[in-house]
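Take a look at this single chain in structure tokens; it is the form predicted alone.
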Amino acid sequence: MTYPLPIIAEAMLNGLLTGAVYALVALGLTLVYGVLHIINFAHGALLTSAMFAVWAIHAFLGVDPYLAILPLTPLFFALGYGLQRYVIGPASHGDDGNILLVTLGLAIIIENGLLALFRSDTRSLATDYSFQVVELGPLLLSQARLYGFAGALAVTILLWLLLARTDIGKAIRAVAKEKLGAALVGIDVRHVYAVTFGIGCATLAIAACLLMPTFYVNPRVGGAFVLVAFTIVVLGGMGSIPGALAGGLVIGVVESLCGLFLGESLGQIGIFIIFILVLLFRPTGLFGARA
């Protein structure tokens, strides 16, 4: 089936808007990998928790999803800090293999806890802008996704500035580069690990607030997002923040175009084709460096 050019352009632009929020989900994953050098298997479950938190405070307190960023960001930073400092770190005993198992165990516990609390029902929320569109000539763009794009871009820039210009950012980069050397010059490596994990969880809270006006949540939805996020991390380069943003935008466009031409149910097939091609021909990703 052929489509007029404006419809294709509209699909690409909406894909870019969605891809920016995907990139925000991937930022936490790539940051944790870049510093701790492990894949956080609890990433999807923590995102689901954040999405349920957004839904709950909107449903019971009437708080707008975007305003929920203010309380949920520090709350999830504290949650991530505590999990790494007092659960993941001590339980792993410094072994990366143990860290993978601990985060996998956390994912199972969180997911089953959400199932027990919310059952398997799918929930969504409606705001005044959830179904509003912005006219850009002949193109119609989702207003909520425009907000999400702007928010994701702002958070990415702020995170880059945090890592590049602040003392804690320099400490994070030092630990990522050489853990032993950083410890020898007086950097508290365990604290830096916990801060990094906390920042990763904080980005998930912001992503959840930006997602909920246009997406639904159930106890298993995080798994789908983390698969997309992992593809973005591989495409952009493991540990690269600019790579996560670029990869998210590319994946958003690919998903949107595949959904247009192949049908919504096959929208993600292009994502995993890209995933396989990157692993075959450029395993370091767009911005990754060889070890």
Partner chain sequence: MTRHTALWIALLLAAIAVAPLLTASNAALNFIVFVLIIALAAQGWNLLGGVAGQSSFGHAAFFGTGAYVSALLQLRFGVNAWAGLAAGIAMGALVGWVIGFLSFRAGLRGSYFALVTLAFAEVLRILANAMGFTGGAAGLLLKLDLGFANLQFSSRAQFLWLALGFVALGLIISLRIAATRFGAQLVAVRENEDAAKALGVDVLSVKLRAIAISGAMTAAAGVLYLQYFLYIDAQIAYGVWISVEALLAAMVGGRGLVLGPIIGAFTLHGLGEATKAFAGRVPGIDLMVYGGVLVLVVAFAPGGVLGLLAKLRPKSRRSGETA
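Numbering follows the first chain given and starts at 1. Please read these numbers as outputs of a predicted model, since none were measured by experiment.
One more form of this protein should be noted, the form predicted together with the partner chain, which is absent from this view; the next part is about it.
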Margin query: Against the partner chain in the predicted complex, would residue 83 count as a contact residue? Criterion: heavy atoms within 4.5 Å.
Written below: no
Next item on the list: Consider residue 70 of the chain shown here, and say whether it contacts the partner chain in the predicted complex, taking contact as heavy atoms within 4.5 Å.
Entry: no
Margin query: Given that the partner chain is not shown alongside this chain, does residue 112 nevertheless sit within 4.5 Å of it in the predicted complex, heavy atom to heavy atom?
Written below: yes
Margin query: Contact with the partner chain in the predicted complex for residue 105, defined as at least one heavy atom pair within 4.5 Å: yes or no?
Written below: yes
Checklist line | Per-stretch contact check against the partner chain in the predicted complex, the hit in 47 to 55, 61 to 69, 224 to 232, 240 to 248 (non-hydrogen atom, 4.5 angstroms) | finding: 224 to 232
Notebook entry, point to check: With the partner chain left out of view, which of 168, 101, 183, 150 would have a heavy atom within 4.5 Å of it in the predicted complex?
Noted result: 101
Notebook entry, point to check: Though the partner chain is not shown, can you say which of 157, 91, 133, 164 has a heavy atom within 4.5 Å of it in the predicted complex?
Noted result: 91
